[in-house]
Ligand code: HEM
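The chain below stands alone and is given as structure tokens, in the form predicted alone.
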Amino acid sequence: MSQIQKGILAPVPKQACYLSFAIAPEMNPAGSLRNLCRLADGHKTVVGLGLSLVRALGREVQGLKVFPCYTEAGFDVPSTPGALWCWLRGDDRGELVHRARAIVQSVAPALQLEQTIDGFRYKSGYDLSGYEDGTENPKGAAAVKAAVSAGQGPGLDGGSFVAVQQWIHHLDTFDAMTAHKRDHTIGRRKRDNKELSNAPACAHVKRTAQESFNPAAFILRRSMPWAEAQQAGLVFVAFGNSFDPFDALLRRMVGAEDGIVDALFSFTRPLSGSYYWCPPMKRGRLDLRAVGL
């Protein structure tokens, strides 16, 4: 599909930089977005618009909303809305530094940088726990169907919705588990990535089996590890044709349905949670007709 931001469907890069922005008080962000269109190609730089930014432009995008928050026994799933999100993809971290600087300068002063996270690919696409990430991702046409909006009309078709969370891992806690417990926490055997039929109901794989929902909750994961000093974890990024699949997955993870909490929470916690709409492309540039630009 030529309208989609190609970086959404492409494999995760070697290096990444995630930028999140807020709208400065009393500022109109329209000019900032026009400037960003000159830099964002949808492949090396994927762009997402938050609800506050869309509303600041006097528009609505059907399906775009604020990330839900949950508080359960011993953990919180926070909601941290943002106005603009940029996923910078590449092989050279230095080049990403300069590209990030250019983007920050282009959207100022109306959009102000709130957070920068540097990500990287571990092995061929693993979480820092040592387990392969994105095993259940749909492939080919199924990936497009899961991640890309269709039948919504010009300016919307080819768009995508993305859920973004920064998770911090307590790797010492995870490493202290026996190999058996680690496998049953994830629900897969580490050495061959085989799903365990005898894993407990709280195992992550069982909690999030996408085909077990009605309707099926297929998403396209494009997550990458992050590390800073002695802290590390995962930037969870999941694209969908709506937020419904991710909402269903998250509700089950926190035990909202049946009281069974995902075993992931035994060693990792989310620090943030944001929803964005990724506009489609038109003639090589972001198609912002849906927000009046």
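Just count from 1 along the sequence shown to find any residue number. This structure is a prediction, so every number in the text was calculated from the model and none was measured.
Absent from the display: the form predicted together with protoporphyrin IX containing FE (HEM). The rest refers to it.
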Can you tell me if residue 219 lies within 4.5 angstroms of protoporphyrin IX containing FE (HEM) in the model of the complex, counting non-hydrogen atoms only? yes
Residue 208 versus protoporphyrin IX containing FE (HEM), in the model of the complex: is there a non-hydrogen atom within 4.5 Å? yes
Do residue 148 and protoporphyrin IX containing FE (HEM) come within 4.5 Å of each other in the model of the complex, heavy atoms counted? no
Is residue 264 one of the residues lying within 4.5 Å of protoporphyrin IX containing FE (HEM) in the model of the complex, judged by heavy atom distances? yes
Check all three, 132, 169 and 246, heavy atom within 4.5 Å of protoporphyrin IX containing FE (HEM) in the model of the complex: yes
To test your reading of this chain, name the stretch in 135 to 143, 149 to 157, 100 to 108, 113 to 121 whose heavy atoms come within 4.5 Å of protoporphyrin IX containing FE (HEM) in the model of the complex. 135 to 143
Which residue, 46, 33, 53, 234, has a heavy atom that falls within 4.5 Å of protoporphyrin IX containing FE (HEM) in the model of the complex? 234
Residues in 249 to 263 with any heavy atom within 4.5 Å of protoporphyrin IX containing FE (HEM) in the model of the complex: 249, 250, 253
